[in-house]
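For reference, the chain that follows is the form predicted on its own, supplied as structure tokens.
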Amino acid sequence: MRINSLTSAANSLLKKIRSLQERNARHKAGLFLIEGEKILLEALARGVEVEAVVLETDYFQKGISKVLEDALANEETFPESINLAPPNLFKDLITTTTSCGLVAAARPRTTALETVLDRAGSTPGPRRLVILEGVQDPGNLGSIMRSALAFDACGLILSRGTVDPYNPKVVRSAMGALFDLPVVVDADLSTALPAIKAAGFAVCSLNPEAAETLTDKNLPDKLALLLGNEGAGLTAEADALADFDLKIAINPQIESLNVSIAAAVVLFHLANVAKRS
């Protein structure tokens, strides 16, 4: 295992990794930030291209796990040197208050909508897509990714204006789901939704004002679930492109559910309906 020691805040690698906390810098560099051993191991196991790894010197000197050591020593998955930075420099590389001991710069994977639809068309049985318009909270997006993967959605489509899926908080909260779930970014829903419908999917918008509830309707095998912004919900333009809308039946004293909770409830319901059919 080749090791470099980084001792200056002006080091080009440290400056690059610090910059990945910002969306524009991520896009310009074609890289995103990974924080922590667990997420790095998930990325390497799934063939994500990792360009650089920096460990805090104290974390390294205490002894890294055998799994991590083996992964970093495997030149097929990680051919680069590892880098060590002292705590006073490492603290500026992370977005958490407590040190995770390790950060990495990795290359995001891009997925075209056509690729997601082609794969969905060749998948037997019920198929589900999740479409998000204007979701802003990184924690919500990460949680939705985990639910989509847990309940076998075949893709996630993010509209323009939705939080960057490679935002560091999204990467952390997705806990590896980002590396398994096909994600389409910056989709123009005015063209994406018609293409999804042309591929045979019915588009269902989730709307607390809908007349029918989730359990009232027999849902088709190919269903795209459309969810909107945490506060404003769906735009009228996106909602108008849906084939129908449904709501989750909840206690009337509660106005609505958090968007990530709502997504999980619907996806769980759809998965269990599929198992019974």
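When you see a residue number, it is the position in the sequence shown, counting from 1. All values reported here derive from a predicted model rather than from experimental measurement.
Although not depicted, the form predicted in complex with another copy of the chain is the subject of the following passage.
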*Heavy atom within 4.5 Å of another copy of the chain in the predicted bound form: which of Ala202, Leu149, Ala195, Leu89 fits that? Just give me the one.*
Leu149
*Which listed residue (Lys66, Lys28, Arg46, Lys217) meets the criterion of a heavy atom within 4.5 Å of another copy of the chain in the predicted bound form?*
Arg46
*asked:* So, Asn167 and another copy of the chain: in the predicted bound form, are they within 4.5 Å at any heavy atom pair?
replied: no
_If we define contact as a non-hydrogen atom of the residue within 4.5 angstroms of the partner, is Asp180 a contact of another copy of the chain in the predicted bound form?_
yes
*Does His269 reach another copy of the chain in the predicted bound form, with heavy atoms at most 4.5 Å apart?*
yes
*Does at least one non-hydrogen atom of Ala9 fall within 4.5 angstroms of another copy of the chain in the predicted bound form?*
no
_another copy of the chain in the predicted bound form: contacting segment from 141-149, 110-118, 202-210, 155-163, heavy atom within 4.5 Å_ = 141-149
_Heavy atom within 4.5 Å of another copy of the chain in the predicted bound form - qualifying residues of 238-270_ = Ile248, Ala249, Ile250, Asn251, Gln253, Ile254, Glu255, Ser256, Leu257, Asn258, Ser260, Ile261, Ala264, Val265, Phe268, His269
